[in-house]
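Here you get one chain, nothing else, as structure tokens; it is the form predicted on its own.
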Amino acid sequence: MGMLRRFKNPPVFALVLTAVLLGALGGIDSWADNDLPRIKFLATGGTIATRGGTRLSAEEVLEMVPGLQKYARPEPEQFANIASTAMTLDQWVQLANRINAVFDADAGLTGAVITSGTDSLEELAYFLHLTVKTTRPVIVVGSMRNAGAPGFEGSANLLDAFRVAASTESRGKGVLVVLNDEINSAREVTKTDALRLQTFQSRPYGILGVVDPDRVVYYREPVKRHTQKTEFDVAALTGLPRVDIMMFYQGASSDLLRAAVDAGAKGIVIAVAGADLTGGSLAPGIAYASRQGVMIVAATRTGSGRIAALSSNRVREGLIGGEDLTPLKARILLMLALTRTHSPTDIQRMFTEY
């Protein structure tokens, strides 16, 4: 009390004393945290959540990210803890619905970060790109090395992902894939190497931006329809229609294509050679599928290039030009398109717009 009487401004002294006490209790950190962007963290597993043969929880994964408290307040949730190749299509739908529900319920969330194994990361990211209805950033991140391996890059990737999610410049750009200090659009990115850290690339378009020590920098943004402008709604879906991929190769037989139709495929993506649309030796199978009302999308197997919309007659027959989508991503768009319509003309429009 003597100190309080000697202090010329008792109310100010009281505030200083309170701050000191709160600092001793960790309160100052929490005050500072309240000014940071809140980011939902949905962990699904993958290599980034693996140490040796052990699966790490969402909280344990976050503990590996030094300096995260400078950029964001993560709110962790364990959605799954499996390899990306073990995730089912039903889980894709559930995850999209969960992200939508989180954003709908909490206007104060700045964005979301989702971990995934890298083997099918590009597929999950593109599905979310077409089904999550928000302008807020949604970042999909993973790592090529597990947490017990020398040179584990997962911590740096996660820190980058949270920084991108926290950046106001990331709004409206759809679902983003962040690894190796680079930002790619979910629509364009693909895994190009089985082992190298720089595996995720958007050839031939290039990255959207980079995560540098001083700030997040963007150079371009996606112009195709996505996220808040999507027409796809998975809220009431109980499942996705079966769509298979058939690759043309010299001497390819139509037997597997026919078998897919007979097994219940509602759509088939043909990974064509170059831009060839004759179907080659698959032509009899394509004709069989068309007669059964199965939608056929032609997408190039080359890794880049565009299969333009076909003539109106061929479209009416159910043969769709896959534009510049890879066969993997053409399959995802076709699955979602078939939840909305079975009109070949409408589906061709979707491939043009998305």
Ligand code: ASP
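The numbering used is simple: start at 1 and walk along the sequence shown. Predicted model only: the values in this text are computed from it and were never measured.
FYI, the form predicted together with the named molecule isn't displayed, but the following is about it.
Of the listed stretches (59-67, 282-290, 318-326, 39-47), which one has a non-hydrogen atom within 4.5 Å of the named molecule in the predicted complex? Every other range fails; the passing one is 39-47.
Is D119 close enough to the named molecule in the predicted complex to count, meaning some heavy atom within 4.5 Å? D119 belongs to the contact set for the named molecule.
With the cut-off set at 4.5 Å between non-hydrogen atoms, does L277 touch the named molecule in the predicted complex? No, L277 sits far enough from the named molecule in the predicted complex that none of its heavy atoms falls within 4.5 Å.
4.5 Å heavy atom contact, S167 and the named molecule in the predicted complex: Result no; S167 lies far from the named molecule in the predicted complex.
So, in the predicted complex, is T131 in contact with the named molecule at a 4.5 angstroms heavy atom limit? No - in the predicted complex, heavy atoms of T131 and the named molecule never come within 4.5 Å of each other.
The named molecule isn't shown here, but in the predicted complex which of T227, S185, N157, S84 has a heavy atom within 4.5 Å of it? Comparing distances to the named molecule in the predicted complex, the residue within 4.5 Å is S84.
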